[in-house]
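First, one chain by itself: the form predicted on its own, in structure tokens.
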């Protein structure tokens, strides 16, 4: 018997919305414990230095101070491979030197002034070229090239293919460092109970990251560590990275009191893990009909002083070049480079927006050079459902990578063409787009298009538990963190649909290592796919067990379940409510599932096609966004309103980065010049028109209820869509982001566009 409730696909109100609107929700910085102390951090004034001596005696005697922490007081455990809890070697202006816990924030700040540090300044390096030059100071053992080697992935033979190309196009593209600046700054609250530690923390990875790090750094058993994220005020990728949790825990242990450590807004800008500056050199060879025959990208990422997801960020730069266009020969070479910039980290989309910026702008130039409309070029040459040409290299029976390189493997679902056609129709591409540079006058309008490819089904190991008790309470327990994207609501909808119960029967328990099974990191647009799979499988099993018990109770062979009522088949009028059945349970029903979803013969990716209409003021270089259409292939949409919000937020966030937002550093002192909202020019919602969101109609057959990744894919094409619209308006190609008025005017001058 097939049951039906259709909760998946409805725009139900997100579970935590009322509490957030009413101010009931408590974030980590809102939490207080009896006797809690407040922590502050002393930060390095030098971009590169060694601590020769440090004297904390005066600070320790200051009124209200209960603990002072230096590198002498902590373990030598490496948190993230290259990051110690505290280090005698300092690698950027703002690096952590010492920490103080006191009765008030003011007392802690005053105590920092009493710490005396003797520094030995060391020569700094701020750009990748200087860091990789012979004789450059080594910022970490082994040199400044992260992992000591460049990352190379390739398909076919680009070296042999380029000489056969009809034409070759080349370009160099730059993207600047950027501060993610989520509304919530990061914080941690640590408390000890004998040898047991509880840490409340802003994080996206309590089980897989924080709990293990705290256990190892503090030398206590894993089962003695509890980590909780009560609620997240916007994660965007990197709030688990850095020293925050261990510093709070060491201070709390030394003081014998709970300690809360919270970053100021300035600290968030300087030390909160920024988006790295990147440069990409791209070469594309095409046949006489314009078909790509070889694509080669070489990228360098300025990783800063430390890396968390360094090589993953770099790898993501190249995926578009490797896989978005059907091409038998593709090669990506990426380098992550240590410098004395503030430490980089993970941020929404990792390196993909920068890589697609280079790829999609140069592809527009290819289309123009070959006399083809940019939309028609993409419709003709984008990667098709059959995948890339070539042969499979993944061994039979092994899961296909979610960032594939090989050929010969088809996609499990593929809505890219639908996105291109529906987005073009919505913005009126064929009726309204004029040739590049044909507009005249002081203000010129143009249309641009860009595509994107991204992970859609990350095969992370996922666990879920479902508990049904005699009161009819259904708890769905997963260890992942809702980082603000609404995953608690999505997982609840998946559970309710599979259980065939009303949504208000479901209680979500998340982000607490004491009450949930181990959970994967909330990253890579993986939660709906990976944890959703585990939740659905556990719910399917629970539903079947309850149906069997209901059938036995009613004395029939089969029952249907819908809306919380079991209805007997073959006995008219015989029914049993869910709560009646639960009341008769001899013991709670508990089901736990552990699985690693994925496919051994299909690529699971998400796609995007974005269209922008802009107006460029030729005298000032100012760009205004007039319209924006974002077409997304994300499989079946679990919650349309939440999904639309995800896409809208992603586009607006990256329009701001594309046009204005940039983290500036003095090139001689290493000081961050704009670490506040006053100097860091963030855009606001009034700067942009509403984003028009479209979704492809194809469900993903290998995903729970057909849904695949959506959190990051919408950020991928934004830079390029705007840059290509500017090129259409002015005839000028922008190769450096953000597209500030100064850079626009420079490009106009360099490329000789007519100005009024």
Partner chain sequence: MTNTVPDNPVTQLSLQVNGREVALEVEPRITLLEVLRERLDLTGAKPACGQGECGACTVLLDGRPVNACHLLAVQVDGRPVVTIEGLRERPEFQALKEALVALDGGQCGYCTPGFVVAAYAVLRDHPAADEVALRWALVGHICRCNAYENIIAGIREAGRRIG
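Since this is a predicted model, take the numbers as computed values, not measurements. Numbering follows the first chain given and starts at 1.
There is another form of the same protein, the form predicted in complex with the partner chain; it is not shown, and what comes next is about it.
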In the predicted complex, the residue from 411, 377, 250, 347 that sits within 4.5 Å of the partner chain by heavy atoms: 347
Would you mind picking the one in 79, 642, 293, 176 that has a heavy atom within 4.5 Å of the partner chain in the predicted complex? 642
Looking at 205 to 213, 670 to 678, 466 to 474, 604 to 612, which lies within 4.5 angstroms of the partner chain in the predicted complex, counting heavy atoms? 670 to 678
At 4.5 Å by heavy atoms, is each residue in 298, 449 and 658 next to the partner chain in the predicted complex? no
Give a yes/no on whether residue 26 approaches the partner chain to within 4.5 Å in the predicted complex, heavy atoms considered. yes
Quick one: is residue 701 in contact with the partner chain in the predicted complex, heavy atoms, 4.5 Å cut-off? no
Answer yes if any heavy atom of residue 106 is within 4.5 Å of a heavy atom of the partner chain in the predicted complex; otherwise answer no. yes
Residue contact check: residue 73 to the partner chain in the predicted complex, 4.5 Å heavy atom: no
Residue by residue through 463 to 502, which ones have a non-hydrogen atom no more than 4.5 angstroms from the partner chain in the predicted complex? 483, 484
